[in-house]
Structures are given as structure tokens and as C-alpha cells.
Ligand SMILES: Cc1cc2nc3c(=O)[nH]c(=O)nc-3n(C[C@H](O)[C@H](O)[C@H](O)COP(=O)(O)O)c2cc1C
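As a starting point, one isolated chain is supplied in C-alpha cells, in the form predicted on its own.
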Amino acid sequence: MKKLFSIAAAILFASCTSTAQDIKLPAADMNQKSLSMVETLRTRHSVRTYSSRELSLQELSNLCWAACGVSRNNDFRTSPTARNRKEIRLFVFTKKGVYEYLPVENILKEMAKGDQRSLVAGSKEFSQDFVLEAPVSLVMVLDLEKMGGKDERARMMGCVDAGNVSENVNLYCQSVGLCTVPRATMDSKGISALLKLTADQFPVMNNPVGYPKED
């Protein structure tokens, strides 16, 4: 009996520790205050300076949902994708680690520990260090394995869909008082190595996100 108990305890401990660093997000707040769409479009602008203020877990959940979360029926996303392939994977870079946003499960799955935001800032050849001021950076990865094709047309449509996710982020941030800028600069090779991406999975765009820096 003791042996069985020990085995059961070990299995339970292993199952708990294997996902211990994953973050369960609260449900996105559908009643948060925001600007109208017309006002959001009128005032939207890119921002490259950020406050040191961190985003709360609720704010992070709202942000990820706006980017490419589940809109309805567990089958549709807030951002459109070609033939509903859902080929854009969203990765969240923070000071504590790197996570993949899983929309249906509504969790942040830990992919790497520690502050890896310098990879989003750029490479040794060219880097934009203002990215390090933003507490969060969202990286959109195109997964051609989900596209049903890997030709030039599939790549083009995938890049368009990454742009759709980025635009969701741009508009959402403006509407709720956050700030961001859409970027293509980043250390794509470094990010691919960190996330263990295949040759058919590659970073396309990123958005550093934070609060505006106070004057």
C-alpha cells in the first residue's frame, strides 16, 4: 500500500510540476472601458517610449485575447486568418520568461525562462533598445505547417494574417490606454532557436506593449 501511495504521489507531483510555470489567465474582460472604433482609428499612433509600469495578469489576458483570442464557438479568433487556418502563433516575452498564448485553453505556456526581450529588440547588427522599456512584447510566428501549403502564396497569406494580429494589437492598445508600435525588426534566428521552431515556422512581426511614459 505504501508503495502504491508513493507511486501515486510521484505521478501527481510530476504532473503538477510539469505545468507549474504555465500561467492560467483570467477570462478576458468584455466590459472594460474603451474608446469607440472611430475615435480609436482617429487617434491611433505608434509609440516608442514606455513607462516602467507592469501589466496586470488581467490586462495581459485582455491583450492576448484582443490579439488572437477565441471570439466564439472555440473555433473562431478575434483576428481573421486565411481559410480559418489559425496559423499565427502568439508568443509573449516578459522579464520573467517567454510564453506561448494558447487561446482555447486561455493559458500562457512557458517556453523559456528569464528575460529574452533583447531578441525582440534586434540582433547584434541592428537593435532598437527602446523595446526593452516595454514590459511585454508580443511576437507573431507564422506556422506554415498549419497552412496546407508552403509555397510563396501560402507565405504571403500567412504574413498578411500576422499583420492582422498586429493591427488588432495596435487598435486595442489605443482604445484602452496602452501603447505599442508594430515592428519587423528582431533577431529572428535567435528567437527561432530559443523557441525551437522548425524551418516552416518563423517570426514575422512583433509589438512591444506598455503604458505611455509620463512626462
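One-based numbering along the sequence shown. As the structure is a prediction and not an experimental result, all values here were calculated from the model.
Below, we refer to the form predicted in complex with the ligand, which is not included among the displayed structures.
- No member of the trio K33, T40 and G177 reaches the ligand in the model of the complex with any non-hydrogen atom inside 4.5 Å.
- Residue R44 is the only one of K150, R53, R44, K189 with a heavy atom lying within 4.5 Å of the ligand in the model of the complex.
- The partner is absent here; in the model of the complex, the one residue of A184, V160, A27, L57 having a heavy atom within 4.5 Å of the ligand is A184.
- Of the candidate stretches 87-95, 109-117, 136-144, 122-130, only 122-130 has residues whose heavy atoms lie within 4.5 Å of the ligand in the model of the complex.
- Residues in 155-172 all lack a heavy atom within 4.5 Å of the ligand in the model of the complex.
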